[in-house]
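One chain is shown next in structure tokens, namely the form predicted on its own.
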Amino acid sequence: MDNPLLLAPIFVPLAGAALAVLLARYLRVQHVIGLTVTLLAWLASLAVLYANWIGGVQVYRVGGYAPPYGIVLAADLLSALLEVMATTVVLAGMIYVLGCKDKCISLPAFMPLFLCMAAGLHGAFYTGDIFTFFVFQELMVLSSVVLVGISDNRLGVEAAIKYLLISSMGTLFLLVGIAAVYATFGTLTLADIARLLSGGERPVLAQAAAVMLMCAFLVKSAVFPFHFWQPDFHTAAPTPVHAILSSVVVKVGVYGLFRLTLLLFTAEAPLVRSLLLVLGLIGIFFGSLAALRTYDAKRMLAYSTFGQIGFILVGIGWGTPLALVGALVYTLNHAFIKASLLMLTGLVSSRMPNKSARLTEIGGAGNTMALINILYLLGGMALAGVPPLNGFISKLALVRGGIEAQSWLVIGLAVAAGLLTLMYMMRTWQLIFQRAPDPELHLKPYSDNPTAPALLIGLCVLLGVYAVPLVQLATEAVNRLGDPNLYIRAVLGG
């Protein structure tokens, strides 16, 4: 039976975007619309997750056409979990927007673009069709490019153009992979492709498709060597957009890698995982060392994302059930931690006359911001994996997966990289919040609303102290992913 709630996180934000365009002259009305539709999308995603937990894969056949002849939305426990992660961060981003004083926030185009980006993000997690995945991803990319282009940062246009060019390379990989799949199997439905590949047939184009799709997902996740666009693009974005880009949007590529290795190309998965293990280790150390040496607080967090995505890739690379649980838990927890830290950094940099986040200029700017000081410290410790916060649960789950895989060297390197995370986060915290501000620094009054990052940090504490529900959901998701036929039968029937 079709579940129409799958439509809500996609089409409610799109309807909100259209309404925001019509009411472009009324900023407060736009904000009410944005908050309402993101809240409804969040509630719908929770309902879909619950329905999936008790009833299995949730499906909606668009137009009533049965797959593989029609477009289908399909949410198994993996996509339902990631969608709750996405709607939670987007809702927090919308709450941040309501109290943000950036000039770009007041532009009539900001709210429609923000909601279109959210709709594309939600659609990418829910679609059961690989071409529709491409469509939703492009909606997300183009919206975010324009949002960065109109930001208050003077480098926004340059960063947007860079990303547009690099994203085109990822789009090319994805389209070539889709074309190869369609030329080989004559279908674009993920479940149908998985069914045909499970028969053992491996034409030449099928193997080429696997390579192209993997490259596309690596570009979207900013994985080495496709990483170079991310720091400029993310740092120049408005704070609420940056929070979503660095915490959730990069996870679309991670989601694609889960699907690639656990649903589609399961026979080639060992080779893909070996490559992901190497790239993950490189990303961990490159991202951590770059974050340690960078000159900008926002850029530091952007580089940090390289390292955190590297930990997730290592879990996928190990490929054991415990390692996959660790990778999934890490994916979810990192989104809440990183979004909150970026929002907190934005609150501090908004006090600067030029809204700079350069460490040489921002030193001491948070000295009198007691609440932000505490929240940033908690977020930094969570990112570094200090107990009892959720980052510790993530790293503990990942280490358990490494022990199951008996990959002792990689475990040792990953733990050492975690110490680097603690070093650059504590250095930044001390510089911003513990130093006395420069007497010549004319700080603006603190006026932005810290509600959104406070809620996310509260969630980080809760998921650290009481991690059982999240770990159980992730474990059940991995158990169900272990049998691709569950997804195939739910989508195709029979």
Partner chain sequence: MNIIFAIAVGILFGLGTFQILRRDMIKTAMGFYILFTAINLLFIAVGAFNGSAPAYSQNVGVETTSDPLVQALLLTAIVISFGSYAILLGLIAISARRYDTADSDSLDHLKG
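Positions refer to the first chain, counted from 1. Fair warning: this is a prediction, and the values are worked out from it, not measured in the lab.
What comes next is about the form predicted in complex with its partner chain, which does not appear here.
Open item on the list: Please identify the residue among A183, A109, I403, L413 with any heavy atom within 4.5 Å of its partner chain in the model of the complex.
Closed with: Of the listed residues, the single hit is A183.
Task: Contacting member of V399, A160, A206, V84, with respect to its partner chain in the model of the complex [4.5 Å, heavy atom] - done: The option sitting close enough to the partner is A160.
Open item on the list: Is R299 part of the interface with its partner chain in the model of the complex - any heavy atom within 4.5 Å?
Closed with: Close contact exists here: in the model of the complex, R299 approaches its partner chain to within 4.5 Å, heavy atoms only.
Open item on the list: Taking any heavy atom pair closer than or equal to 4.5 Å as contact, tell me whether S168 reaches its partner chain in the model of the complex.
Closed with: Output for S168 is yes: heavy atoms within 4.5 Å of its partner chain.
TODO: Report whether the minimum heavy atom distance between E268 and its partner chain in the model of the complex is within 4.5 Å.
DONE: Close contact is absent here: in the model of the complex, E268 is far from its partner chain, nothing within 4.5 Å, heavy atoms only.
- [ ] Report whether the minimum heavy atom distance between V145 and its partner chain in the model of the complex is within 4.5 Å.
- [x] It does: once its partner chain is placed as it appears in the model of the complex, V145 has a heavy atom within 4.5 Å of it.
- [ ] Go through 96-104, 362-370, 172-180, 327-335 and give me the stretch that gets within 4.5 Å of its partner chain in the model of the complex, heavy atoms only.
- [x] So the stretch in question is 172-180.
- [ ] Given its partner chain in the model of the complex, answer whether the residues F217, F224 and E476 all have a heavy atom inside 4.5 Å of it.
- [x] No residue of the spot touches its partner chain in the model of the complex.
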